[in-house]
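Presented as structure tokens, the chain that follows is alone, the form predicted on its own.
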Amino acid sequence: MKERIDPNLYNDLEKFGIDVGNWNECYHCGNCTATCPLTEKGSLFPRKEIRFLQLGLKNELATSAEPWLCYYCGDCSKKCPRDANPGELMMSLRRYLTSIYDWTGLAKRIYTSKIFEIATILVISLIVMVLYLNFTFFPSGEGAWTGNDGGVLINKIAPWKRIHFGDWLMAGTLAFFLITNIFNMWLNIIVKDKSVKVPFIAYFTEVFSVVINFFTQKRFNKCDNDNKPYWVIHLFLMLSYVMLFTMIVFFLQWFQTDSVHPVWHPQRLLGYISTIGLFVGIIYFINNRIKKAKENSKYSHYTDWTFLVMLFLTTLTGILLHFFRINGMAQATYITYLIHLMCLVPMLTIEVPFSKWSHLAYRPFAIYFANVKKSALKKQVKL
């Protein structure tokens, strides 16, 4: 089948962080593919993706799941004799593919315009502020807003049912965008790839790989031993985020209480473990990007920093909110809760369906789709 060549693909991808002057130096020696422990028969990345770029094969890139199979250990970039930086190329391709799957066009705007991303954050923050000021109650004094245990009656200030309604509205909206984008991902990787016909049963035989790879990221364990700390901390950060998100969206009545529980109470323990996971991960990745000591942290797109800064502010304000609440500081609790939501909501709204956090869903689904295609190809060969 003839493939249409896009002569503007170079310029389009440069906006997503690809350094054209580097990766175009590739002369296909194959060192990157031979070095990568995650490549296998039928998945010869990143060499194949570089070839698609050089030939302007936009459709071939859109149907490829391979950029998501890469966990960016950086070994390929270290071994490249031409400094083509294939590891960072694969990272940039993940940003590009995120914009391909997103039918709204917002992911492309966020990844290609710093001003647009910052403006979007500010607009969402202002909307949150207006809603918060209209649906919560500012404490005029400290005593009337504290309970018998000395803690702030936070549900009197910001009733959990109102906050919970906002949580569900936000979660439903984000889920809609993310699910429809994953559907577009399926269309690109499976349906538009005419080289393989996937039987319906294949989707069931590989379905558990989505859950396994989401919660363990076990493929990363195949990478170089130098990247083991990176894998463990990345996994801890992700699981901490998922835990907090689950408690806030599904168990807010239990999580946002007027009572000050003992430190060993599950509500506080889970909160503390999640907070530690977030802070350890944030500090680790910020430190890596500042020092640029590791190959996968030498090059930073502005969205990498936006994500880390927003996550740091969300975590920090969450810690302060907890401190003020358990110590009966009602007015400080009210103000900090507002700032916390003004950081949290835009971070989730932007990152979950359109930017960095979306990768947590795209990668396990890409592995799933790749396994489905592999299973279908094996059956075709047998026939």
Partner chain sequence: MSEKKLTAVFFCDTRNGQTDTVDIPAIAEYVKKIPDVAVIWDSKTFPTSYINKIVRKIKSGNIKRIVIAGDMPGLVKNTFTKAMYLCGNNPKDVILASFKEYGAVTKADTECAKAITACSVLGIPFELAAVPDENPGHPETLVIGGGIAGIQASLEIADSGNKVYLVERTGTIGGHMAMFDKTFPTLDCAACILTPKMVEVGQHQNIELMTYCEVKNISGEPGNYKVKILKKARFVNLATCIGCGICVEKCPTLVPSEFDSKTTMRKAVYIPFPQAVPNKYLIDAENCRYVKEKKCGVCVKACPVNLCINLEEKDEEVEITVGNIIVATGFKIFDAAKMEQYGYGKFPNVVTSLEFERLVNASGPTEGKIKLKTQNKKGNWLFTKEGKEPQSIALIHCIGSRDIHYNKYCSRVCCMYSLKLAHLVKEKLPESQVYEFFIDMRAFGKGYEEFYKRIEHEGVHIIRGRTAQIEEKDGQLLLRSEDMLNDDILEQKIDMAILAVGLEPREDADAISKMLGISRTEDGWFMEANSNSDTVTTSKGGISIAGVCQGPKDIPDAVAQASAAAARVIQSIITGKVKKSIKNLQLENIESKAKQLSNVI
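These figures come from a predicted structure and were not determined experimentally. Positions refer to the first chain, counted from 1.
The same protein also exists as the form predicted in complex with the partner chain; that form is not shown, yet it is the one meant from here on.
Note on contacts: among 228, 78, 114, 261, the single residue with a heavy atom within 4.5 Å of the partner chain in the predicted bound form is 78.
Proximity of residue 356 to the partner chain in the predicted bound form: non-hydrogen atoms within 4.5 Å are absent; the residue sits far from the partner. Taking the partner from elsewhere, residue 34 is found to have a heavy atom lying within 4.5 Å of the partner chain in the predicted bound form. Within this chain, residue 336 is remote from the site of the partner chain in the predicted bound form, having no heavy atom within 4.5 Å. Shown alone here, residue 29 lies within 4.5 Å of the partner chain in the predicted bound form, counting heavy atoms only. Considering the partner chain in the predicted bound form, the lone stretch of 316 to 324, 338 to 346, 66 to 74, 44 to 52 in range is 44 to 52 [heavy atom distance within 4.5 Å].
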